[in-house]
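A lone chain, given as structure tokens: the form predicted alone.
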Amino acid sequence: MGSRLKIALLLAPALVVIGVLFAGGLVAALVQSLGYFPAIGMTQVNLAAYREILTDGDFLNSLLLTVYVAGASTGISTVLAVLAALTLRRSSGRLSAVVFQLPITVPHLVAAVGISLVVSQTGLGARLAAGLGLIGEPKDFPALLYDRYSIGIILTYVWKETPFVALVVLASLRGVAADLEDVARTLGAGAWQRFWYVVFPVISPGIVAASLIVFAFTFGAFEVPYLLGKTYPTILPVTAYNEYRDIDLSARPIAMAINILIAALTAVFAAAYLRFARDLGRG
């Protein structure tokens, strides 16, 4: 039995379960988004939900906010992760690495609550700043939650996703990149030359893969924005969740249409990002 066939058979049970759950849910959402919902008497297929969404100005505002939050969170996390990985690989102590990995084990919901307790105007950060005389009263602390720039949401994602990306980059740095960098050093290459011409080409596939996962997750997640985001405009996953919870079941096609658009937009952004990364690599 070939190694590829053996690997495929070993992965088959998990892939079948994931495929059925994901594909089944996606197909069900697509069907309902087209107005087919026999449970409430909707049996005529149409594009009314998509027309309503795409002609609504609120959808564009939510889309722009979603792209901004996902893009900012991914970009900041990636930059910090690369810097952290470069620092950690020179660290001989395992304690720093373990402490750095702790955020990965914390659920996003718990992380959102923790961030809110620290950066809110009644939180630990505000009281500490007031105690140090940096501000007059805790209420003078900058509003970092429910603000127009979604700083609290981005902070939560950056705190959670930076270690994930860093671990992927660190694995590459401790592999062949270390040997290649030593060779470049003996040939007289400077620190920047070693990073840009030797290290970065080796770790860039890991950076692309990890940052793409982070973007896809933050683009489609709703719990952190639901807790820490403002009420208008809301990001697309929160909008879909609110429509799904509407007591009027006739709003269900709109919720499903938003979910389908989220999946489609994520795929488009992912394809564009991979194309950009491939062209950058060729350059």
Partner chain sequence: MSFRASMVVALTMTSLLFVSACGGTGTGGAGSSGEDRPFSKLEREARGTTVNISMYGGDDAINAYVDDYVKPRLEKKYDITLERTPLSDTADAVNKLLDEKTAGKDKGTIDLVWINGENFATGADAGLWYGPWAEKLPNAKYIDWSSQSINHDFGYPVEGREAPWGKAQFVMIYDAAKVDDPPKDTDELLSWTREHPGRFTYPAPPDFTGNAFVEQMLYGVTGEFKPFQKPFDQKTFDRASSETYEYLDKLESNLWRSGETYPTSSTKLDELYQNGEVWLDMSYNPQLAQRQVDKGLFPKSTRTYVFDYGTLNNTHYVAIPFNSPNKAGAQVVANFLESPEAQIKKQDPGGWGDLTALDIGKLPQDARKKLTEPQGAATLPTEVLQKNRLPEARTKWLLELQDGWQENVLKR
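Residue numbers count along the first chain shown, from 1. As the structure is a computational prediction, the values presented were derived from the model and not from experiment.
FYI, the form predicted together with its partner chain isn't displayed, but the following is about it.
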Only hit among Gln193, Gln121, Thr87, Gln101 for heavy atom within 4.5 Å of its partner chain in the predicted complex is Gln121
None of Leu249, Leu30, Val67, Leu54 but one has a heavy atom within 4.5 Å of its partner chain in the predicted complex; the exception is Leu249
May I ask you to state whether Ile40 is within 4.5 Å of its partner chain in the predicted complex, using heavy atom distances? yes
(message) Is Leu227 part of the interface with its partner chain in the predicted complex - any heavy atom within 4.5 Å?
(response) yes
| said: When the contact criterion is heavy atoms within 4.5 Å, does Tyr146 count as touching its partner chain in the predicted complex? | reply: yes
Would Asp58 count as touching its partner chain in the predicted complex under a 4.5 Å heavy atom rule? yes
